[in-house]
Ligand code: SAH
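Listed next as structure tokens is one chain, alone, in the form predicted on its own.
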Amino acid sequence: MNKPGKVYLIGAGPGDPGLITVKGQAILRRAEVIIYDYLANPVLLDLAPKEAERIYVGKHSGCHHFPQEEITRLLLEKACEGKRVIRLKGGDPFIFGRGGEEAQALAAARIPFEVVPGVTAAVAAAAYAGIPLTHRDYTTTLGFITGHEGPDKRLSSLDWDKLAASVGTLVFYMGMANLENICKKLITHGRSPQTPVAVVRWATLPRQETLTGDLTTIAGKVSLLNFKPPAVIFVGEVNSLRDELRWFDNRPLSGRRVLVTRAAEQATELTTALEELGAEAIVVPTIEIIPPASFAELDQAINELGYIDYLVLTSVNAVSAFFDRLTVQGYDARALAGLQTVAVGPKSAEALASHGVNADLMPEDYRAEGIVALLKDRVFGKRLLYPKAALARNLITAELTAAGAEVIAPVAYASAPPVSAAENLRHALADRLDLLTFTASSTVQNFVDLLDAEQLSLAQKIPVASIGPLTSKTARDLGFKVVIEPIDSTLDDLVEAIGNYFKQGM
């Protein structure tokens, strides 16, 4: 018989993946088996090794995919195989998460286990909604109650007299189906009908919504707006502080769903910036960077760097591709001594600096047109190396050749739609999207090529944010309505323009 493994009951927090503990992250990185439910953000699964077994045991009200007994059996079975098993649970394992029952089963079977606490939904939902659960000017007492008890118990078993009169802030988990009854019970047992109530759903996620009222009105509002679980109910005077303290759901892009089409390895910067403004960024890359058909021309140019006067880099991808081949050819940044480096904009300059090289020149207009304007009066009789994308426009080569330069323009990288892009786009378009973002003409063209006629017709009704004039023209030519284009073609300016657009109530 194998020596038993170990089970870790880890609280994943209520939704925002940043709320998992440092210890929880560290254990996930060593997981061999992960058993997770639908309240645990699936993004956290990316922390685990690729070879780790992932088993979904999610449960929805009225549709139990896995009974608790089966989940417990899985924990025991996988642990008995000698595996390091992670039970990843939404919120905190020991607060209405049935973690106690799972721990009991493990203890009875003499299987080693640890409990890693998580941020429970009540604490996180209140904080993100701007509701302090306790406040010395309002209350110093707090109670957590489940609004949906076990099948052999009823809400009437609660001591409503004490709950109504003795606890300042009441938090009800899983109580949406019983909300009207909860409010009536509290009023009947002495709580003021005007007691403020807040209901928070999808806590800590960009889609978080908060509905407020009092004990007499909240149930009607929930019914009218079809305000469904998962949600947490807060009862108490502290709810009156929400208007003063709200910070999460009043950001410029709160509640907005924005599609990001950049290559996966470059999407993080844009998605992070959008999420900081409150958006839910839906990442569906329509492009991925791939090697060119041949590196022969680029390798030859690198071996002749001593005869080059200017190195022109028009994207972060160009910087990366060039330095990758520089290393393959046995060189480093010292090979650039004696030539001038030209970066098309701040991000390309940052990428260049990461390789220990400062950009000597950068145009005011962060486009190919800016490069031409910057160099056309400098390059007569000079040799330029311009590592380009396979589908790059001929503008730089043609204009600077006409200005008297010798332009060597090997293809350094190419692009193609990711294999799973069409299916991922179909899923993204099936839900509401408030904005499409395009950061290159190729992302627009690939987007169109990946859709059928019906999907494209739907997508063309969604407003578009474009990083610059060329991308905007491509989008308009393909039937899209471009409503956002920053003055400068940078991600920072694009995000700022998006924020301003929605701030104006568009």
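Here the structure is a predicted model, which means the values were calculated and not measured. Note that residue numbering follows the sequence shown and begins at 1.
What follows is about the form predicted together with ligand SAH, which we do not show.
Q: Find the only residue in 39, 459, 44, 451 having a heavy atom within 4.5 Å of ligand SAH in the predicted bound form.
A: Answer to the contact question: 39.
**Q.** Proximity to ligand SAH in the predicted bound form, single hit among 200, 384, 182, 298 (heavy atom within 4.5 Å)
**A.** In short, 200.
Q.
in the predicted bound form, does residue 359 come within 4.5 Å of ligand SAH, counting heavy atoms only?
A. Output for residue 359 is no: heavy atoms all beyond 4.5 Å of ligand SAH.
Q: Report whether the minimum heavy atom distance between residue 113 and ligand SAH in the predicted bound form is within 4.5 Å.
A: Residue-level check for residue 113: no, no contact with ligand SAH.
Q. Quick one: does residue 286 come within 4.5 Å of ligand SAH in the predicted bound form, counting heavy atoms only?
A. No - in the predicted bound form, heavy atoms of residue 286 and ligand SAH never come within 4.5 Å of each other.
Q. Even though ligand SAH is not shown here, does residue 230 get within 4.5 Å of it in the predicted bound form, heavy atoms only?
A. Residue 230: yes, in contact with ligand SAH in the predicted bound form.
**Q.** Segment assignment from 238-246, 311-319, 126-134, 167-175: heavy atom within 4.5 Å of ligand SAH in the predicted bound form
**A.** Only one stretch passes the 4.5 Å heavy-atom test: 167-175.
Q | Interface residues of 92-109 toward ligand SAH, as seen in the predicted bound form [heavy atoms, 4.5 Å] | A | Contacting residues: 92, 95, 96, 97.
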